[in-house]
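Okay, here we've got a single chain as structure tokens, the form predicted on its own, with questions on binding and movement later.
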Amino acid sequence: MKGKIAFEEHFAIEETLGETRNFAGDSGMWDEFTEQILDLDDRRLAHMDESGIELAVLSLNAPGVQCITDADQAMDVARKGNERMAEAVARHPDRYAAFAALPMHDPVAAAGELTRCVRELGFKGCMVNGFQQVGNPDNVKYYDLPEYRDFWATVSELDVPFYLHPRMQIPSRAENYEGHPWLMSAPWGFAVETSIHALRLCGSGVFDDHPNLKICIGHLGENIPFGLWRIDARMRFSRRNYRGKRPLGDYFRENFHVTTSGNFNDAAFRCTLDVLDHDKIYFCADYPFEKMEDAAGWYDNTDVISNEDRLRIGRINALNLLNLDLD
């Protein structure tokens, strides 16, 4: 399928490049991976052309500024990444858009940077890489906390999506992975960490205050679609400190948007299609951590969806979510 739109597509700047080394695969691939994740011109565009991707929304690689404990340093790095993306969009306005990188130490500062990126730079939303480390490596903040309500008010006012991207749990909180470090990242821990954060948001009451919020998560829903029925069923007996006015599943189905990034599997795709409105599902690749040709080859040929839904999920839904104006 030609004309696909993808929006979990990463790049790095020099300050964040080293953070990706553990996720780049075999160490012999590092030089190749470095070229891919730093490039915002011919090489990336050629991969997009070969895969039928018309437009990619760029985002700073994980964990990005979320692992920088100093607020001022994090803001400097975020702004450098955001300016680099803005330059790439200016060079290739028909091929790229951008999601803002945000330091989440101070909700007011994060809201200010998001507002600048959306209103001055034309960004389409933001991508935040999980919890924020603040002050020291063992101090983390999740965004369901009351102190972030003004930030969510700004996201609501701007009416742009917030993409919640995975990151690994920090060592001081990861005793259950001891002796099994392979579990901590993409094979399992990414989904665990992101799904917990997403469910915390569902239970915080933030969607009652701001019902137009749009939260994106990747990998066909970070395992939540498979477990959503049971979550709601068992919460009849476990609602302590649950602050939502409605069942959790209502918020997930109405406020969450799910992409195919890095999960090119028919069985998981069927489950997500069964759980969510098809207008809330999107094609994405997760480049360069995944190959665009693998994502597109699976998506273009899966028989799980009709050609009408293939166009909807591959293009039309993103046009609507991101308010894109493409010919």
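In case it trips you up, residue 1 is the first one in the sequence shown, and so on. All of these numbers come straight from a predicted model, not from anything done at the bench.
Separately, the form predicted together with a small molecule exists; it is not shown, and the next lines address it.
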Tell me which stretch of 79-87, 151-159, 185-193, 198-206 has a heavy atom within 4.5 angstroms of the small molecule in the predicted bound form.
185-193
Please determine whether A62 contacts the small molecule in the predicted bound form, using a 4.5 Å cut-off between heavy atoms.
yes
is_contact(F264, the small molecule) in the predicted bound form, heavy atom dist at most 4.5 Å:
no
Quick one: does F289 come within 4.5 Å of the small molecule in the predicted bound form, counting heavy atoms only?
yes
